[in-house]
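Just the one chain here, laid out as structure tokens, in the form predicted on its own.
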């Protein structure tokens, strides 16, 4: 009987391990293809050993028109929108976390509902509105829409992290004459640094990979971010420069990876959810 139970547990463990390996392979294989194809002079759709190592694909894309200008546009759009989102989310989350009201729960549920709205459903009225207020084909208009689209979930996240900061610390600051805004800036936000980092990375990554919004709101090619300009590698009649596409994908992913690494190293082990733990 004991042998049968052990055998069943072993079978289940092996099945679970096999399932996890398949899931891991589904994530790893595309990354392997990107790296190998970027160095392959005859890259195709298949994952294969390169015919020969070359940097010609990088030489072809590392130009102002193809890479540097779109990346700069992406940094301006995503960096500006992320900064605005984090600031607005902190200011909105603070009263929701610190002051009790019968409207808190309905407001939070409304915010949660807003995160589930498909962006394609609201693009048509937004486009019409932006035409009326002369914000179409402008960087500031796109930044505002990016901020508005990410703000609901950012407020929800920020409020949960802010709940983990003991209110007694603020009360001590208020006793010394600090205002609510001063306690937010000098006490709450520094203590919930990991939470602010999570919101920052989440918002930046979501905006960085967004194709649809800048494609709809920006018309001038010189203002297009990298998430839109990557479409230029797909030519007419199904022709795709796979090697250059893979090289551009590696360059395009670098800022996000660097942001995560820098923030994770700066905050150490408390990066993931440290700000949400009461104490």
Partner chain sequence: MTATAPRPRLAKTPEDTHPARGPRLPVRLLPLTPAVVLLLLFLAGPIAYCVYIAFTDLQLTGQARASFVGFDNFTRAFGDEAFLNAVWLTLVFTVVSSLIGQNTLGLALAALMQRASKPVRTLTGGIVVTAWVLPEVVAGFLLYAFFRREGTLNAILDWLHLPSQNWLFTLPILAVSFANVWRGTAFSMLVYSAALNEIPQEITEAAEVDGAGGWRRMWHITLPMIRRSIGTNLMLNTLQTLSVFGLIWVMTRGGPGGRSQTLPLFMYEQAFQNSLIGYGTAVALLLLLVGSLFSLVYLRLLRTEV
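Bear in mind that the values here come from a model prediction, so they are computed numbers and not experimental data. Residue numbers count along the first chain shown, from 1.
Below, we refer to the form predicted in complex with its partner chain, which is not included among the displayed structures.
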Subject >> in the model of the complex, residue 186 touching its partner chain (heavy atom, 4.5 Å) >> reply: no
Original post:
Does its partner chain get within 4.5 angstroms of any non-hydrogen atom of residue 42 in the model of the complex?
Top reply: no
Subject >> Heavy atom of residue 31 within 4.5 Å of its partner chain in the model of the complex >> reply: yes
Subject >> its partner chain contact in the model of the complex: residue 204, any heavy atom under 4.5 Å >> reply: no
**OP:** Pull the contact list for 158-196: residues with a heavy atom within 4.5 Å of its partner chain in the model of the complex, in sequence order.
**Re:** 160, 163, 164, 167, 168, 171, 174, 175, 178, 179, 180
